[in-house]
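There is one chain below, alone, in structure tokens, taken in the form predicted alone.
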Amino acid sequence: MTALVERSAKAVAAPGTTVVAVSPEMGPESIESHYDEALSVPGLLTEIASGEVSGVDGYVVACFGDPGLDAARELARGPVAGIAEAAMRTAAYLGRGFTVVTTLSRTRGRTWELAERYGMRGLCRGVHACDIPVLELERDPGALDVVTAACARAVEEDEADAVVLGCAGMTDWAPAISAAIGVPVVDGVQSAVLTVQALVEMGLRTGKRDEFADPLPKRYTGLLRDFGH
């Protein structure tokens, strides 16, 4: 799936933009719960810290829960975009309302929280689950058909003008689903890549005046001892 994300990102990146997709060395194999999300953040921040050392200009967090986004913005010099935020903001340009089709139903609450946080609650008409686990998206040969059907139902039920795909593992499906159901379908990976690329080209980065300033120096203990500053 990391290779899939990299291919999708490179497909829209401008000439001269280098895309490097990485998967943290520690953490859950997929993120499908609050527990998974919490334990994914140290690995994510390790990759951000490594990118800062190697001179990375900007970052995309390729999980629809946007885990660790605020913490990543504290660490990074350049802009950081989560795929949920980027996809929702992109969908907002395409009509009066959008609907989200995600993986498991237990993740729907998190999506609603993010819509509220990003000021998209009024535009988000609904959040629907196809009930396919993240890793099964690339293993189940019938997954695309199931997600396409879920998107069609969501559009009709919510009277939505666009669909947001709620998982990075769906990143290459947007064109096929859009052709099948007749409305714009937004992929968060490509939306986030283009968002970060545009911000970098404009010379813009996260404001560091207050909340997103560098973390305060302090000692961390136990498994987190290497995270101190």
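As the structure is a computational prediction, the values presented were derived from the model and not from experiment. Just count from 1 along the sequence shown to find any residue number.
Keep in mind that the form predicted in complex with a further copy of the same chain is not shown, yet the notes after this line are about it.
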Please tell me whether any heavy atom belonging to residue 113 falls inside 4.5 Å of a heavy atom of a further copy of the same chain, as the geometry stands in the predicted bound form.
yes
4.5 angstroms heavy atom contact with a further copy of the same chain in the predicted bound form for residue 221
yes
Within 4.5 Å, heavy atoms only: does residue 36 come near a further copy of the same chain in the predicted bound form?
yes
Test of understanding: in the predicted bound form, would residue 32 fall inside 4.5 Å of a further copy of the same chain by heavy atoms?
yes
Is a further copy of the same chain close enough to 159, 195 and 198 in the predicted bound form that each of the three has a heavy atom within 4.5 Å of it?
yes
In the predicted bound form, residues of 65-100 near a further copy of the same chain [heavy atom within 4.5 Å]
70, 71, 73, 74, 75, 80, 81, 85, 86, 89, 90, 92, 93, 94, 95, 96
